[in-house]
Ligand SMILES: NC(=O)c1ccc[n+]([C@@H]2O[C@H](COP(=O)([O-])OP(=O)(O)OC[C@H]3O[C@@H](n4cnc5c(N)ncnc54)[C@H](O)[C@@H]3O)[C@@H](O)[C@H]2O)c1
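Given next, in structure tokens, is a single chain: the form predicted on its own.
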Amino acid sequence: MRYLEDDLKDKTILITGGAGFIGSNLAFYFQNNHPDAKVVILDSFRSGETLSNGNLKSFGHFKNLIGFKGEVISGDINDKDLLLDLEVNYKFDYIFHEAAISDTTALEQDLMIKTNVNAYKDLLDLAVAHDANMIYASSAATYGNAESPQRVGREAPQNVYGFSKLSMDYLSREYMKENEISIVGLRYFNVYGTSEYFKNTTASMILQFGHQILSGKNPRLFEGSDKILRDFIYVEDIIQANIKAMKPKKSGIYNVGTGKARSFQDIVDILQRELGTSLKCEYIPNPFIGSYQFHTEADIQTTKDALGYEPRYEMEDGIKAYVAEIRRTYIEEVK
């Protein structure tokens, strides 16, 4: 579905983290709906480099971009020479900033702040130099254990990732005061959908439960999973919000969720219905009690007002749309 009526002919769009989950979906949105736009992807792509928790430092993967016809640059947003080259040799009209250390369990505070906050400032300077609108990924992790529904202004991050995203939001507000460009931060809630497979263990529980069920294993849930609720949002609605953020009524920080909390039990029940299985659920003690969010739900009224955003996918719709891709990745990547 096309979310922007404007013709983007002769417009140049930079997508950082473009080989990742959200970035690659954005790239194909533009290719399919605005083929006259020039899209440039910047991604560090994956290597064998890992964080201290054993997870990969970068989840960018070439398979997410198979079929993409635009320009692809391999590089790190921490590389100031690279950013200078982008400033001198390109003229961007829009910047979609998706690149980040996005692992919420990462312990490297120095790398998290350097990559998520300091490099973002350099990208804001690039946007100002090019008079480009900036749309960037913030996160519901800024809220920590804040009471539901989560509203902008009620932040209480519980990890360095959430802190880094909140720091990006504060920085954005300062730039909004001093510059004419549009700046929109989108606080993603629990996103699932096509191209998340290469996030490995940080992929959504929807994908992980789907693969568990396809392997014939009983789904393993925490005890009381019918009472553990999250605002799960299908990636197509994330793309909708990003595209509508190109022409906002007002710069700002906005939640992107469905505004409805659903349980992990719901996920398994819907997946089993779509996959035609009836495996018995196994319930295990939750070892994260005390450091675990039991309820997230985005207040999206300001998002609707400023962006014209309206979520289109209930969880049943999102999983139904996603299930063929869950099967494909299981057959081609897991089996």
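Just so we're clear, the structure is a prediction, and the values are computed from it rather than from any experiment. In this text, residue numbers run from 1 along the sequence as written.
Another form exists, predicted in complex with the named molecule; not displayed. Remarks below refer to it.
Visitor: Using a 4.5 Å heavy atom cut-off, which residue among 160, 241, 137, 166 comes into contact with the named molecule in the predicted bound form?
Guide: Of the listed residues, the single hit is 137.
Visitor: Between the options 262, 211, 199, 151, which residue brings a heavy atom to within 4.5 Å of the named molecule in the predicted bound form?
Guide: Contact with the named molecule in the predicted bound form is made by 199 alone.
Visitor: Considering the named molecule in the predicted bound form, find the one stretch among 269 to 277, 38 to 46, 306 to 314, 293 to 301 with heavy atoms no farther than 4.5 Å from it.
Guide: In short, 38 to 46.
Visitor: Please state whether every one of the three residues 86, 133 and 252 places a non-hydrogen atom within 4.5 angstroms of the named molecule in the predicted bound form.
Guide: Not a single listed residue reaches the named molecule in the predicted bound form, so no.
Visitor: Might residue 75 be said to contact the named molecule in the predicted bound form, defining contact as any heavy atom within 4.5 Å?
Guide: Although the named molecule is absent here, residue 75 would touch it in the predicted bound form, with heavy atoms inside 4.5 Å.
Visitor: When the contact criterion is heavy atoms within 4.5 Å, does residue 319 count as touching the named molecule in the predicted bound form?
Guide: Residue 319: no contact with the named molecule in the predicted bound form.
Visitor: Would you check, heavy atoms only and a 4.5 Å threshold, whether residue 100 touches the named molecule in the predicted bound form?
Guide: Looking in the predicted bound form, residue contacts with the named molecule include residue 100, since a heavy atom lies within 4.5 Å.
Visitor: Classify residue 58 as contacting or not contacting the named molecule in the predicted bound form by the rule of any non-hydrogen atom within 4.5 angstroms, answering yes or no.
Guide: Looking in the predicted bound form, residue contacts with the named molecule include residue 58, since a heavy atom lies within 4.5 Å.
Visitor: Could you list the residues in 159 to 192 that come within 4.5 Å of the named molecule in the predicted bound form, counting only heavy atoms and keeping sequence order?
Guide: Read in sequence order, the residues that approach the named molecule (within 4.5 Å, in the predicted bound form) are 161, 165, 188, 189, 190, 191.
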